[in-house]
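Both blocks below hold the same protein chain, though in two forms, and each is given as structure tokens: structure 1 and structure 2.
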Structure 1
């Protein structure tokens, strides 16, 4: 698909078209409580993603988007704690905020989903909607699905479907070591990696399957030593933030030559840790990356980097804001229940030019998936490097939304 307009004009025009068609008559302000770990071990990631949401709200709502809906992001620091997040959810609802965004940690997202379900049942007319931009435990759109929860990232099952689709054709993969953070996400990565590789590459041996405390390991060299002792040629890890950066640094320091298949190698700080030593052996599965062949949001990437001197990578923040704006306009209301009903089943153009859909049956955004390789920047395949390293990601496999889609067991409660 080719477009003959500039990406920035396309993005703004798309949102403007939604607004114009909706016939919204009055300007409306919508507050979103950004409940996230803004301090602590993963505070740097949280602060970076807060900027993503603020930037997305600025670009895709209000005057700059020719929209009658203005989105305001209200930062609330949970310190990465589920208990703190619950206290902040109550604070947000007490202040009349009916939309919540969170993503760093399925352990936090799980308690928020449960609390929001209970709150909404007890408080009809004051409902809260959860915009999940990065917590990708598949249970959230299967056994624990909720009419109040919308996930804008790809689930573990979707991402590993894409990743193992690529890995099955890599004949050099013989011995796989699975390493992850010890919470629901890391556990799901382990489960789905073993299941999918067993079906697609039954000859591959799982030579290690280990979980470690989240955000507590400062030296990953003992884990690298275990990988070397097991003759691992490939590592699959869901680690993110400091836990991934430190893991990669330890691997580089030990001279480990195995390949890493990751979910979040593009997250702030990790590209610097990967550096030249990771060239052509670190991979990432994602719904977008800066060098995506069909990317329609180049101006967002370059504008964000110029403004904050940090990498732009959380397109889920953009899609969450876009869906929220479109939902308010379609519902002609800021009532959370009405907006949730409007967003369910909604379709629009995604960051890579494909059609995306918020699947009504489970609240999972249906979108394409990329497998990208870390390699030297330069040339049409790797136009942008990350964190001024001289290296960036190039696409080695792409699954269209219908190829990346996974079945759901969700029995969605009736939407109000």
Structure 2
């Protein structure tokens, strides 16, 4: 096994071995309902994430991982709709599935958290645990925190902490323009950017703070014109998907020279759309990227590419599966409540070799954060390009988990 962090979690490997020897262990099968939009215009991202989970389950559970715990991913198509997701949650629990994975869209995640809280209260003994791999609304680990919710991505606050940490030392930044989609994520990006920049770089001027309706803008050139008029040299944007690609294309076409600080430049499809237009001017903050410093990541990236011919991106899927396997092994049971208890506070090695911890007080995974630059591939720093564009991400700043950690206001209800 090339991956030097033993998948089944070093801490429990010995225990598992002993149990296996004693013959008391029988193979345990854990089903995870993967509730995501898998069809329709926005199904592309969901399908890609599903591959991540399937790949993670193959490599980090069962035979390949020398574990008695086998994770099986059961895809369920929510079509991106919270209402459909709720029906599927019921279906999953009917089929005896007590673990749910979801991440695309804080709207669905918020609804799921709420529904799972209610469901677990009304159906003791049939509890459901939510593995959130990408919905990063900080409320989920603060005011809305739940003992049944575990988030494997970094919150908006953690990500902006890393981003502003980098921006702090970029002396060229003078006028910052904030542009986002008008929904809670875009609003939070705007709020935290202003707060953190005011602290770290009081000299920087915020020359624009703009929200536009999500997915409604076809032509971004007027926004670019506004940025140019405001003399902005830096843009912080929470935009994703077409809204991000269109923005950067419009900037290039209009000759806007400023830099873009983004969250989702690496999501499937977006690198293709950005292409050369974004070279050396698009930055992304994430907990991982293909050219992250640690070499062991390569096997994840190349293995996934060999298997599916797509880009590996979502380490959170791997971590979710690893935590689930370790949780089941530690609890010696597939009972969701027991596994939840076991996962809370559990520590292991992250994909970049750092020490990660599922913080018990709010259910947020504490992990490192990268700021990376979109640049021409080649050379040791940018080994892999993205989606055959000839461009890839280069690390320009890395924050250790303890540096990226953010305080929480969560008053966690007692874990049952």
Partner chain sequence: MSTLNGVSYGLLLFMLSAGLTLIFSMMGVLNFAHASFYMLGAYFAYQVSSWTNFWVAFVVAPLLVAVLGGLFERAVLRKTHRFGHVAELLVTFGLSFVILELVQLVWGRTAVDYRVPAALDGALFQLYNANFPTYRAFMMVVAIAMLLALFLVLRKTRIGLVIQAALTHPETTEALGHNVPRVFALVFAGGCALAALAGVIGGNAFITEPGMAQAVGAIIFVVVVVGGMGSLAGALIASLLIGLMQTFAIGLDWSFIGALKSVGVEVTPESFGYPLWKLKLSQVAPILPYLLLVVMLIVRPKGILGTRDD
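Positions refer to the first chain, counted from 1. Note that this is a predicted model, so its numbers are computed, not measured. For clarity, a rigid core is taken as the largest C-alpha set superposing within 1.5 Å between two forms.
The second of the two structures is the form predicted in complex with its partner chain. A displacement of less than 2 angstroms separates the C-alpha positions of residue 137 between the two structures, with the rigid core held in common.
Relative to the superposed rigid core, residue 248 undergoes a CA displacement of at least 2 Å between the two structures. Residue displacement note: residue 175 has its CA displaced by at least 2 Å between the two structures (rigid core superposed).
Once the core of the two forms is superposed, the Cα of residue 215 has moved 4.4 Å between the two structures.
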